[in-house]
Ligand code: HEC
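One chain is shown next in structure tokens, namely the form predicted alone.
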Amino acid sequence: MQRSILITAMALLFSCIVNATPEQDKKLFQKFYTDRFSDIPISEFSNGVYALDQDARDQWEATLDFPPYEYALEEGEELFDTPFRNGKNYASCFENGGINIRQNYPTFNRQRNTLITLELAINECRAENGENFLAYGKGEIAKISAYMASTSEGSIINIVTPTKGNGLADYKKGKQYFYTKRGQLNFSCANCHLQNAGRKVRSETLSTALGHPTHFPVYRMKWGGFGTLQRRIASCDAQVRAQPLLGQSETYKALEYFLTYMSNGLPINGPASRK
């Protein structure tokens, strides 16, 4: 069993080098986890570490009767509905009024030739309506994003990845960052969340990269509030003693794009709470 896991992990790492298509990457990526955790339905990976650790899941489920993020989520809805100074609101900027669209982000905008994450789209909406940008990662932008994610609960992630041009280049940049070692500890995202997923680091179980984007923004007890996926990525970089990048940097956007595409077919179940 361990040998087959190692072989599959090596194949995934090798796929980072060869000219695989995004669809080929996704099939191999998802197969690795479904083979390694063959008793776990693929949709369960949306629950992160709680799909792997029953004791942790029991404690987590006990909090769901009174979710710690409930008040912050209500604030996010209020912020979403509050008019800008020109009388418009966030709903005016988004397809379907911003409801049930989380599963389509990040998206590659062909007209602008750039990647757009949901948090970036929120700030661009503000700019279009004469408002200042919100700080990325936490605070109001995470609350608004969390409310928007809540309206997509159960919807299936459906990220479209271009097969050529800058969209494909962004996908490859995110893929390369996922597999590249960095920091004083010389770790990559894949070392923890692919190669060692399900194993313990001190008292904590390492989660799978499959399903990571489905439940963000998350309310972390450690943070005392909501944080975006890119905030969590920056925390991981800091933990391996690498220099975190700025929120919405081209590299972090690309990594979010890659990770979300790898979770295509899984349901949105955010916002969620984590330790």
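All residue numbers are counted from 1 along the displayed sequence. Bear in mind that the values here come from a model prediction, so they are computed numbers and not experimental data.
The form predicted together with ligand HEC exists for this protein as well; it is not shown, and the discussion that follows is about that form.
Asker: Report yes if all three of C189, H193 and V240 come within 4.5 Å of ligand HEC in the predicted bound form by some heavy atom, otherwise no.
Answerer: All of them do, each having a heavy atom within 4.5 Å of the partner.
Asker: Identify, from the list L245, I42, L28, V49, the residue with a heavy atom within 4.5 Å of ligand HEC in the predicted bound form.
Answerer: Contact with ligand HEC in the predicted bound form is made by V49 alone.
Asker: Only one of E124, E204, E95, E78 gets a heavy atom within 4.5 Å of ligand HEC in the predicted bound form. Which one?
Answerer: It is E204 that has a heavy atom within 4.5 Å of the partner.
Asker: A56 versus ligand HEC, in the predicted bound form: is there a non-hydrogen atom within 4.5 Å?
Answerer: Flag for A56 set to no.
Asker: So in the predicted bound form, does R36 come within 4.5 Å of ligand HEC, heavy atom to heavy atom?
Answerer: No, R36 is distant from the partner.
Asker: Report whether the minimum heavy atom distance between Y90 and ligand HEC in the predicted bound form is within 4.5 Å.
Answerer: The answer is no: Y90 has no heavy atom within 4.5 Å of ligand HEC.
Asker: L259 near ligand HEC in the predicted bound form, any heavy atom under 4.5 Å?
Answerer: Because a heavy atom of L259 falls inside 4.5 Å of ligand HEC in the predicted bound form, the answer is yes.
Asker: Output the sequence-ordered list of residues from 219-239 with at least one heavy atom within 4.5 Å of ligand HEC in the predicted bound form.
Answerer: If the 4.5 Å heavy-atom criterion is applied to ligand HEC in the predicted bound form, 219-239 yields L229, R232, I233, C236, D237, Q239.
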